[in-house]
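Presented below, as structure tokens, is a lone chain in the form predicted alone.
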Amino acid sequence: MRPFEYGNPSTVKQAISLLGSDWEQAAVLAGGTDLISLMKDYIDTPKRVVNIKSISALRGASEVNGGLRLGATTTFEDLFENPAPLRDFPSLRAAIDGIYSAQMRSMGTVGGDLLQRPRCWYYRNGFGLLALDSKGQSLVPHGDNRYHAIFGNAGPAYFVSPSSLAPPLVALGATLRIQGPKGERELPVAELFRIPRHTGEREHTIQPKEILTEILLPASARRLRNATYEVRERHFMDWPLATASVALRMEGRRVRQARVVLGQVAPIPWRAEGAERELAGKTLDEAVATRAGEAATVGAHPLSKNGYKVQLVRVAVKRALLAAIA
């Protein structure tokens, strides 16, 4: 990798002062499971790396005002060793349980999971986030697109959001706290993600001089029936092919309000609004869950080699719904 400066601040304010006005000047190091790989492959070449792992205020899980606070550098291992804060959030627990690598559990952080870069092999091999050739045309539609998007892929972005935690957090109505030179701001998790339209745009809305400090789940989320279901080729050391996270406000067996969020099928965590409408006011049983799974696929536009994901969405939504009320 290219030479770089290293900063090791002890406070968020110090960390912000070490960041630059663009992504080439500085990068934030949390767990490092993604950034170091990108630097070794010369995909990211920051002039300075700012380690935030020494900032104790950014780590830990705790109950706050009846809700849940997760510090951005809380590791997955922290949550495995202390599962009590997640007792009302089985959708989050299922997403974390799906991380089988001991190294990823030990070093990976909840903030890093949200901000990791796409796993698209075109991007990882130096063709950029939009995978453009020398003529400015995307390589994905006519290339190997087995693991690319089936929603939100009208172009030019075809990658899928890789975050395991984003779908359940969006479904549960979580928010983020982000700090920068102008102070602190709160942002719904859904608004952290965007579909880039031009070269140079990123898939996250966080700015170069900002740091994600914590994730907040409201007290009201504890009353939601929630679950996550992931479909994988293999259960060990593999990324999901499609996921569904659901959060249901119930009146007995009747769905008063539903939120269904898909993962690994779009450049952002994808709200399946058709499934949500199908569920509203219904008594949830297997037949209704099946129809909701079908409704979740409305608007899908498979590429030449990833049409199988449509069926995976049907299955993931159905099984997540049945798990939520089991």
Partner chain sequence: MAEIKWPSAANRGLIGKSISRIDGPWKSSGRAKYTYDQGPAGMLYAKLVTSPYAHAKVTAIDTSRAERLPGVRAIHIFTAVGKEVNWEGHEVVGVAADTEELAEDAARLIRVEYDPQPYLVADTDAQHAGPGRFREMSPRKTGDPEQALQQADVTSEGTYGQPVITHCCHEAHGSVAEWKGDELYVWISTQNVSGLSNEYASALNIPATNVHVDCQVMGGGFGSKFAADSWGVAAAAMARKAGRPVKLMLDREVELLSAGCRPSLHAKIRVGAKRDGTLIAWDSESWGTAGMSGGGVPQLPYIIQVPNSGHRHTSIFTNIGPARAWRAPNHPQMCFLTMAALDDLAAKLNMDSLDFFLKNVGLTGERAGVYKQQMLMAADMIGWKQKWHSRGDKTPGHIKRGLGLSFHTWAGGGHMGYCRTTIHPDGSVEVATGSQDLGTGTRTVIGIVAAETLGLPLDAVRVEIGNNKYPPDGASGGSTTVGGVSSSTRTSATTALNELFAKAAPSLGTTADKLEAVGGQIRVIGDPSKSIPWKKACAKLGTTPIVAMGQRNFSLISSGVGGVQMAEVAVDIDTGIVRMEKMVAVQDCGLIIDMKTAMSQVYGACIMGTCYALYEEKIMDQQTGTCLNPNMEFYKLSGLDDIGDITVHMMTEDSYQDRGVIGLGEPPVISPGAAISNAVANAIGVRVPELPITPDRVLAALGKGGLV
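Numbering follows the first chain given and starts at 1. Values in this document were obtained by computation on a predicted structure and should not be read as measured data.
Keep in mind that the form predicted in complex with the partner chain is missing from the display, and what follows is about it.
Visitor: Residues Leu29, Leu130 and Pro196 are flagged as a possible site; in the model of the complex, is every one of them within 4.5 Å of the partner chain by some non-hydrogen atom?
Guide: Result no, not one residue of the spot touches the partner chain.
Visitor: Where does the partner chain sit in the model of the complex: which of 224-232, 246-254, 167-175, 86-94, heavy atoms within 4.5 Å?
Guide: Within 4.5 Å of the partner lies stretch 224-232.
Visitor: Which of Glu191, Asp238, Glu77, Glu201 has a heavy atom within 4.5 Å of the partner chain in the model of the complex?
Guide: The residue in contact is Asp238.
Visitor: Counting any non-hydrogen atom inside 4.5 Å, which residue from Gly143, Pro156, Gly108, Gly152 sits next to the partner chain in the model of the complex?
Guide: Contact residue from the list: Gly143.
Visitor: Using a 4.5 angstroms cut-off on non-hydrogen atoms, would Leu139 count as touching the partner chain in the model of the complex?
Guide: Leu139: contacts the partner chain in the model of the complex.
Visitor: Consider Tyr308 of the chain shown here, and say whether it contacts the partner chain in the model of the complex, taking contact as heavy atoms within 4.5 Å.
Guide: Contact check for Tyr308: yes, within 4.5 Å of the partner chain in the model of the complex.
Visitor: Should Asn125 be counted as a contact of the partner chain in the model of the complex, where contact means heavy atoms within 4.5 Å?
Guide: Contact with the partner chain, yes.
Visitor: How about Met1 - does it come within 4.5 Å of the partner chain in the model of the complex, if we only consider non-hydrogen atoms?
Guide: Taking the distances in the model of the complex, the answer for Met1 is yes, it comes within 4.5 Å of the partner chain.
Visitor: Let me know which residues along 289-326 have a heavy atom within 4.5 Å of the partner chain in the model of the complex, or say none if there are none.
Guide: Result: Tyr308, Gln311, Leu312, Val315, Arg319.
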